[in-house]
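Okay, so here's just one chain, in structure tokens, the form predicted on its own.
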């Protein structure tokens, strides 16, 4: 329990502390230190759950499903804080951001991490909703950090769209609570996920079906599912690059995690009815449309961060589709894909941030010759795109191969559609990558201070996961798969 408290509440302390600490240097190092402490707590918690089984106490619930996401969230938060310290100093030195805004930046970074960790570990569906809403507020302030008209517009769009979406999720949560009142003797436990999961077969199937539609629209907005996705490219393109790394690598995962938890309740309620797979079919439909539309939009992007935000939408759609298919193989592949996508995409955004500083712009047509100007950045972007495009032997190839295999087993006629989507996305990424990396560098283009250590670590991990999944991680994913597919124990 102590490790859980350290992992979850260290960022809460950081939110209060960094809101008071002046100075760029001290705040940057303090941000790294707090993130490392939260990571230590998360790793300890993961080992405890792996050794002793699920933890359920004082309103928290940690099992094999969310414990690896807790460790992943803390790890990406730590590596992003390491990248953030020199990167944001360069932003301030370049006069793109007043130093006085850095207090808000560091406080909201820790506030975002706190809401993510709380959303992943809480047992209460109401607190889960509040946590995701809190993450929205924190990232709205980060998106608008530069105070340009475009940044303020993107933040306002983000706030309105996600606010409306989460209002639907709140109504869906209320419907779940209503369904629980008909089955529980103690109505105060109506928002406890573990209690609801234990009696999911007693929940009213009609109410739960309606509730899941609202929950899918609500949390699907945060996942970035089409047609609820339009806030995501704007937020990525206008906010600071470290925010893009944690937004794409963490927030989308947490929203999808919430959807899967609620799908488990809905599946239990609909078991034995005429349409037991309603929730899964809805996830498949939204996921497949998102996957295909985002792949097509990759071809027409002019801003490099917007392009990779559509890549995130594409991959979140693929994961949503896989969770909709259900079954052990698809679920294991989706869990692995959540992991490798987060590591790869956060590494890509770190590299893209350096590339934009080198070129002085985020416009794709003006980013040229990275491999000649600064080889580490050029090769980092190249390897990152190879990994996210699903080239072997990277982990994304492994997870996508599992998802394709599961599709061939369950929905063989959709296999061609998935393959076509992967080819379209591959072409969209590489038509832009080649000139950015290997094109002729403009005269006077100079290297910038670049911290590529997080990129190297992330991509090496993704390569390792493609070659051999460690036994302990395979055990976590296997236990989570059994839990999600209905054969595991709490």
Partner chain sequence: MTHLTLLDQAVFVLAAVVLFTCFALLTQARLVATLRTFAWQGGLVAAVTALMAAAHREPHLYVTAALTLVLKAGVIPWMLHRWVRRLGLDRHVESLASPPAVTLAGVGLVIFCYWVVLPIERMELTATRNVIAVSLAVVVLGLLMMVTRRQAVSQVVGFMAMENGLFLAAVTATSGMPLVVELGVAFDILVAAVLFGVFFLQIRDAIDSLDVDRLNRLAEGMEQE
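Residue numbers count along the first chain shown, from 1. Values in this document were obtained by computation on a predicted structure and should not be read as measured data.
Quick note: we don't show the form predicted in complex with its partner chain, though the next part is all about it.
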{"query": "Partner contact for residue 267 in the predicted complex: its partner chain, 4.5 angstroms, heavy atom", "finding": "no"}
{"query": "4.5 Å heavy atom contact, residue 314 and its partner chain in the predicted complex", "finding": "no"}
{"query": "Residue 301: touches its partner chain in the predicted complex, heavy atom cutoff 4.5 angstroms", "finding": "yes"}
{"query": "Residue 123, heavy atom within 4.5 angstroms of its partner chain in the predicted complex", "finding": "no"}
{"query": "In the predicted complex, segment of 322-330, 398-406, 71-79, 150-158 with a heavy atom within 4.5 Å of its partner chain", "finding": "150-158"}
{"query": "The unique member of 276, 163, 393, 360 whose heavy atoms fall within 4.5 Å of its partner chain in the predicted complex", "finding": "163"}
{"query": "Heavy atom within 4.5 Å of its partner chain in the predicted complex - residue from 214, 105, 286, 87", "finding": "214"}
{"query": "Heavy atom of each of 386, 436 and 438 within 4.5 Å of its partner chain in the predicted complex", "finding": "no"}
{"query": "Those residues of 111-143 which, in the predicted complex, come within 4.5 Å of its partner chain by heavy atom", "finding": "124, 126, 127, 129, 130, 133, 134, 137, 140, 141"}
